[in-house]
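Taking the form predicted alone, here's one chain by itself in structure tokens.
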């Protein structure tokens, strides 16, 4: 009996995943434990393994499509089994074993014979509905294909083979070439040589006016970028976000960082970064402000005694926020080591779902890009996120005299449904004091 392969749920807050690539094709033999496909959330790429053995009978979604969790994405069983009952409602991709056309259909197609238009004899190639749809989606000229079905009928595998032989192009580039006026190079500037719209050269027949109006590239918001966009919009639409901003004296942080860089190699502290120090201080100060170390779900505020500190990592696939679990119980050295491990996994695409879940507070740092201050967006259901800006010299009043000291901007965005302004302000006040007295926190 055919069995369904289900899109897994990699995390508590994950509602859908992008199907990145299929590792098995229709008709391939599959063994239990073998990788069937790769999926991607807005956080990471991961493999989906088969739980049973058999033949790949159907794939209900194409590569690049976003699929809700717990939805059937494929069927595995014995050749010839019917899988219609496993196909999810509204599945746009109909890749499955294609039966031969019934004899009566073949005879009707053969009976049509050649047709004539304005004195030119033309025969429409016999093609199955699925093959026609796939050809239209990928701009394949079916008149150039040789069908492998009964009596030369073009079936889906013929079109799929033609698609695989096509040059790698973005959908916009394909449309521009198909509509005429542009020529495609043999190799593009996109990933793996993919041809972008900007790589196309205007053909000789194109006028200068056309060339000027087409000097741009339209990039569809899809895949992981679409997931990130939807979640950020949902965050702003479903929470009462308010941001408080203040400066913190960074002299003590910078001085201690220099001492770490000059420390002996056996201590292993030379690689501790300013960001690691910030994470250490935040994890300690949060212990006294549990209203901010919390989640807000269904009119209930869940306050946590342990700090699971998420921090933003910029990757080629977008922003990812891995979590340092129980950061308040880790030493500075341990936090530094864990942050480096998580950052590397985010960039490699090997981050585990467990390292992306159960965060209770987030830090996002744009100081290295010389941003003075900014408004971070909440990562629901967390009730707060801290934005850290760059360090700049600012005038400070000390005993009636103005002195310039190195100051770091702090921007705290919080959900006013769960936290009032005064508790949030007190947290920022204590946090600034913690940065100015980092040596005392290290002694605790």
Partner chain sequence: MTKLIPIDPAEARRSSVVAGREVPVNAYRSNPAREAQIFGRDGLVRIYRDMVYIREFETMLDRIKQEGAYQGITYDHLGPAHLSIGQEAAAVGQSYHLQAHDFIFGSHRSHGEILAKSLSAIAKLPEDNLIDVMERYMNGRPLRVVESFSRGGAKDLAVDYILYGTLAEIFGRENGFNKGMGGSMHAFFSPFGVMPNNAIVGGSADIAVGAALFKRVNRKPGLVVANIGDAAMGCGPVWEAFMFAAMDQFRTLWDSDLGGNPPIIFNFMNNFYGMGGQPQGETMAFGVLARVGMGVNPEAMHAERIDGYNPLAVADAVARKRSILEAGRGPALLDTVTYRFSGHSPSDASAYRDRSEIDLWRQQDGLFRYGQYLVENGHAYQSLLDDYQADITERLTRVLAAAVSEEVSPRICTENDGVGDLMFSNETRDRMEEGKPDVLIPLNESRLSQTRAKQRLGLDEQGNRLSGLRAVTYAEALFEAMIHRFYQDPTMIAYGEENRDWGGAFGVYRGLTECLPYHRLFNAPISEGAIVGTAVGYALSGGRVVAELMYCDFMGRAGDEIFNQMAKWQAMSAGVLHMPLVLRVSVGAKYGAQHSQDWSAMVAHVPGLKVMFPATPYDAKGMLNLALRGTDPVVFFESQRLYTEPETLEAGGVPVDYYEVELGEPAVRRAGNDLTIVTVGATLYRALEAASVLAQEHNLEAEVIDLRFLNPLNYEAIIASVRKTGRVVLASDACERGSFLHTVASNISQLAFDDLDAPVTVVGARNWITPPAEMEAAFFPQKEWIIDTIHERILPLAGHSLSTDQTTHEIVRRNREGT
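C-alpha atoms forming the largest set that superposes within 1.5 Å between two forms make up the rigid core. Numbering follows the first chain given and starts at 1. What you are looking at is a predicted structure, and each value in this text was computed from that prediction instead of being measured.
This protein has a second form, the form predicted together with its partner chain, left out of what is shown; the following refers to that one.
Although its partner chain is omitted here, in the model of the complex all of 33, 128 and 157 have a heavy atom within 4.5 Å of it. A heavy atom within 4.5 Å of its partner chain in the model of the complex is found for one listed residue only; from 23, 9, 433, 426, this is 9. Proximity to its partner chain in the model of the complex, defined as a heavy atom within 4.5 Å, singles out one entry of 243, 306, 148, 315, which is 148.
Residues placing heavy atoms within 4.5 Å of its partner chain in the model of the complex fall in a single listed stretch, namely 46-54, out of 46-54, 410-418, 372-380, 386-394.
Heavy atoms of residue 153 reach within 4.5 Å of its partner chain in the model of the complex, making it an interface residue. A residue is said to contact a partner when one of its heavy atoms sits within 4.5 Å of a partner heavy atom; residue 347 fails this definition for its partner chain in the model of the complex, lying far away. Residue contact check for residue 404: none of its heavy atoms lie within 4.5 Å of its partner chain in the model of the complex. Proximity of residue 133 to its partner chain in the model of the complex: non-hydrogen atoms within 4.5 Å are present. The Cα shift for residue 71 between this form and the one not shown, taken after rigid core superposition, is 2 angstroms or larger.
If you fit the rigid core between this form and the one not shown, you'll see the Cα of residue 131 move by 2 angstroms or more. Put the two forms on the same core and the Cα of residue 31 is off by 2 Å or more between this form and the one not shown.
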